[in-house]
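Given next are two forms of a protein chain, the same chain in both, each as structure tokens and marked structure 1 or structure 2.
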Structure 1
């Protein structure tokens, strides 16, 4: 209506703090999985009251960015709200659904990578293959899963689709975490490593069809191992 002005609203201190902390997390200054500083440290550093800080932290917990663990502090759960929603949904899904989603995303991304990869992408994929060989001898499944996750995120990024890269990055922890819990035997590990190297060879050769087939085969090895663990 003419002449009618909306009232001026000033964000509360806690709302400003939520925005500031959200930006801090999004920038990676508090990495996902890390514990944030204790309350007394943040109160002193931010020059706010304890109540204001707690209100802001509760809001971030509600948004899914933080997770409060009784007796252990507060941890970063996700870098943004979209990641929080996707990870929560994937974590609650059936294992078979997770593997099917991995196959769909990684197969398509591998085909894109075969067409669009750069020499830098190939060098990084080769480096991660070497890292995978190093950690495989340790039988540390968490370390093996971490390297595997880095490999697949790099492969997806090599496809050059920024939206797919973002979505896969948000889902990455949920999509690859199952690997760390699998009781891999020597035969599974050998096949897993062989398929990864063949996949990189196909990407380097620009063979889109073979790259897609091999990416799906990699996921199938993990799916089969998970099925054997359940029996």
Structure 2
């Protein structure tokens, strides 16, 4: 008898709760940053015992989706678990490996962006270039880094591969946590900005090879800045 499948074990109540609570968060019904209803309320609404609910909540806390604060409440920290798990894994990895992997993704995504970008993508990239120019004169390193991060994520997103965009973003989060905002000398900053402009030009022109080459150059400048920050 081919084609028969082993029967699935019945999902426990707490496993079902995990799934439905997760779906609730993913659907945006409990947005990131919001406080979910207290346990006693959920116990009533869901008609389960408090222990069963706590088991489910505990799972979500460790997946990084929720944060429970005794005496205060339970807050939504993320809407998907890949971020916290990948950040945790990246944090335990060698920094070079993280940097290299992210660089690979960015370089390739830049090429995809040259092929797949929309006019909205382009407008956003141009806006971020202008924004970067504005903040670069303020010497506010965190603001500069934030705009830079937005630029790179927008570029990668324009490549049209959602999964790649996610993984790239979370690796970025891990690196930011590890390194913080890097200090740039004026020379590197100017070159960085110049390469960014050329990169957007290449994306606009649909030049995949150029876009990849330029993205790699941008990464190289970043690597230099990170290397100098270590000494």
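Not measured: the values here are computed from a predicted model. Rigid core here is just the name for the largest C-alpha set that superposes within 1.5 Å across the two forms. Residue numbers count along the first chain shown, from 1.
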| query | finding |
| --- | --- |
| Chain form predicted together with the DNA: structure number out of two | 2 |
| Rigid-part rotation between the two structures - which of 81, 191, 39, 134 lies at its hinge | 81 |
| Rotational displacement of the smaller rigid part between the two structures, which moves against the larger, in degrees | 32 |
| Cα displacement of residue 90 between the two structures, core-superposed (Å) | 2.4 |
| Angstrom shift of the Cα atom of residue 59 between the two structures (superposition on rigid core) | 5.6 |
